[in-house]
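Only one chain is shown below, in structure tokens, and it's the form predicted alone.
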């Protein structure tokens, strides 16, 4: 017997096949049963008629419980009213495990609180909405890699254990290493990316990063995934160009390949279809003036808070690029603007619809003396950065890069209220389980 996935049902119309999966839902109507089976690729509506099945099989199916595992056998036919456009006329059922009625599946069609659902996250990801979100996430990651791989970037993995801070010492997760040495969970792969860029020209790393921020906002996780391209012989303008092209490509791929998932999420596609080049661009100076006119209390020299980013993003239908932030609020490695040393050659991309910063990056310091000065100003241990300073001693060149947070991009594309739904098992200030 041919075994297929639900996603491939259209290629087997008129054939009798097997689909292994789980019972998603079951409607009963006298002598006809309508089980819905999910297999991870989709949901298949099945039709089981009493007069077409052995009595034992029909009764076993009639009393089957939600999320029981089964292999259903039947003939595939077209049915436009059914999910996915196809139905199966059931000819046989093999039940692998029946969920006990005294311990029923805990997530039912009724309303559940978010804390309950997060406690049941290992089961909640089976639901149609969560499934759609994680499929969009998969498409985002695949599109990111396809863009970078096809534009001359080499993937070079960077370490998760690091000896020093990258994004400031206040958000480091500290852990013991061998012989009681202390190391930290990486905040970014960027510093190591700079080393690999000097070897390969254009590189990227893609992996989990960690920030010990005691934040409970809808935009923050303590563990999140970030893609970080880095380029030798590059400037701030290259960062803007590559990041803009990447965002447009990713959004286009999601709109093209995940329309059904976006429909499940009731996402307004017109808002994503408008994400095209060119992106609007303003300076930090202009952004502060705009925010003050909108009633924000921000002063020049201050970093944007969540409400500030929302105000900036809501003024546009595509990401807004803000550049040349005060050097004092940027990381130690940012190159100062030669014409205005008080500002850094960095840029943030702020998503529309209130989703905040999705990309941050800029040009790195390539002068060893200036880098040493900045390390001292930030009270960082020089010995931990000796290898990083070496990059400026041996063939230093202007170079630049950026980081894109996957979860914030997915939240934006899916139209979600909170980033906790954008990753299978989120880690937040007060949540490390399941």
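Just so it is clear, the structure is predicted and the values come from calculations on it, not from any experiment. Residue numbers count along the first chain shown, from 1.
What comes next is about the form predicted together with a further copy of the same chain, which is not displayed.
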Inset, instruction - Mark residue 73 yes when one of its heavy atoms lies within 4.5 Å of a heavy atom of a further copy of the same chain in the predicted bound form, and no otherwise. - result: no
Inset, instruction - Please check if residue 101 has a heavy atom lying within 4.5 Å of any heavy atom of a further copy of the same chain in the predicted bound form. - result: no
Legend entry - Any non-hydrogen atom of residue 201 within 4.5 angstroms of a further copy of the same chain in the predicted bound form: yes
Inset, instruction - Although a further copy of the same chain is absent from this view, report whether residue 55 comes within 4.5 Å of it in the predicted bound form, heavy atoms only. - result: no
Inset, instruction - Name the residue from 279, 332, 86, 206 that puts a heavy atom within 4.5 Å of a further copy of the same chain in the predicted bound form. - result: 206
Inset, instruction - Scan 263, 114, 155, 315 and let me know which has any heavy atom within 4.5 Å of a further copy of the same chain in the predicted bound form. - result: 155
Legend entry - Partner-facing stretch of 76-84, 188-196, 349-357, 321-329, counted where any non-hydrogen atom is within 4.5 angstroms of a further copy of the same chain in the predicted bound form: 188-196
Legend entry - Those residues of 394-421 which, in the predicted bound form, come within 4.5 Å of a further copy of the same chain by heavy atom: 394, 395, 396, 397, 398
